[in-house]
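Single chain ahead, written as structure tokens, the form predicted alone.
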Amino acid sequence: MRAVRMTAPGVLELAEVPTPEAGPGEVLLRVGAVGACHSDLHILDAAAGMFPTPMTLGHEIAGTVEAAGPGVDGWSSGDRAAVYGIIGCGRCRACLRGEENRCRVTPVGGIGLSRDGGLAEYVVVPASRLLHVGDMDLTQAAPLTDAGLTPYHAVELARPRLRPGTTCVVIGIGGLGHMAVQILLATTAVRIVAVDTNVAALDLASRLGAHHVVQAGPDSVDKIRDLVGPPPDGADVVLDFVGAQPTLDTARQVVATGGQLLLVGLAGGTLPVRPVADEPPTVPLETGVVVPFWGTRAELQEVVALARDGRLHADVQTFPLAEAPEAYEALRRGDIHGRAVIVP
């Protein structure tokens, strides 16, 4: 079969590899669609030894069951499924609570992160990782597993502060951010302020229902402050889907006292936290800071339910498998609006 493999740090190659076989408790999935994520770029850019090579990338996967291995119940050939990519230890306190994204034993990893992923014609996954998606378009189902799940999990973490009439600032209207706008609209009654450098991304946010849009730049903090009021007031919640220094600086300057910052993006910025009494604090008093990671299987089931009900739709650009390297380069350049989805 064909697969797109990371053969060395920074190197993606289309290769012919043997079709895998499902072992006990596993399912062979014929891949229908795979989302291209910024996390994949971080894997490609990581130092040698941080991730296994060669490895097939791709952790946002949806497909059709080709064959079930020994001991698998509930899945038959032809069933359509989305893949929950995290594989925890299954034994620690977090995993036993269903919070495998907080596993205390297994380092961050999973399908497409520490074992072969979905940028291939077939992939083998534990049957426990699959969720039924019915007749949903697989190019829509695949992004739900990260681009939908991660912002949903972040919103769940902030839900106590997302009361009716409050304000949420969403920074970065890309693959995750444009899903966050829809999740907020579908599950809360908050006012949404969307922030991005790209006018097309802001147009997308407006079409999806954001109440206000602000183009990021030297005066973006002032523009957001015009909407949320002066300190100590401000945004009740800020979701930063970029994580670069300019976005973190914006986030901490517009959040309200007692608000919450959720830092989802991994662009390498630094949030200064320094308790002081003789100058403005680097982060407002009583402000919570959370770094969300992916989400739980139960949350993914809820994300799928939102999509099947028509309340969540990924804006996708599709690429054939052979053009996966080009899709990642477009993602790196910032040329993807919404989510890039690769179709084997």
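Note that residue numbering follows the sequence shown and begins at 1. Since the structure is predicted, the reported quantities are computational estimates derived from the model, not experimental observations.
Note that the form predicted in complex with a small molecule isn't included here; everything after this is about it.
- This chain is displayed alone, yet in the predicted complex one of 267, 113, 127, 208 has a heavy atom within 4.5 Å of the small molecule; that residue is 267.
- Though the small molecule is absent from this view, in the predicted complex it lies within 4.5 Å of a heavy atom of just one residue from 155, 144, 201, 133, which is 201.
- With a 4.5 Å cutoff on heavy atoms, residue 175 counts as touching the small molecule in the predicted complex.
- At a distance threshold of 4.5 angstroms between non-hydrogen atoms, residue 32 is out of contact with the small molecule in the predicted complex.
- Although the partner is absent here, residue 39 sits close enough that one of its heavy atoms falls within 4.5 Å of the small molecule in the predicted complex.
- In the predicted complex, at least one heavy atom of residue 171 sits within 4.5 Å of the small molecule.
- Residues 181, 225 and 253 are none of them found to lie within 4.5 Å of the small molecule in the predicted complex, as judged by heavy atom distances.
- Residues within 4.5 angstroms of the small molecule in the predicted complex, judged by any non-hydrogen atom, belong to 257-265 and to none of the other stretches in 74-82, 257-265, 161-169, 134-142.
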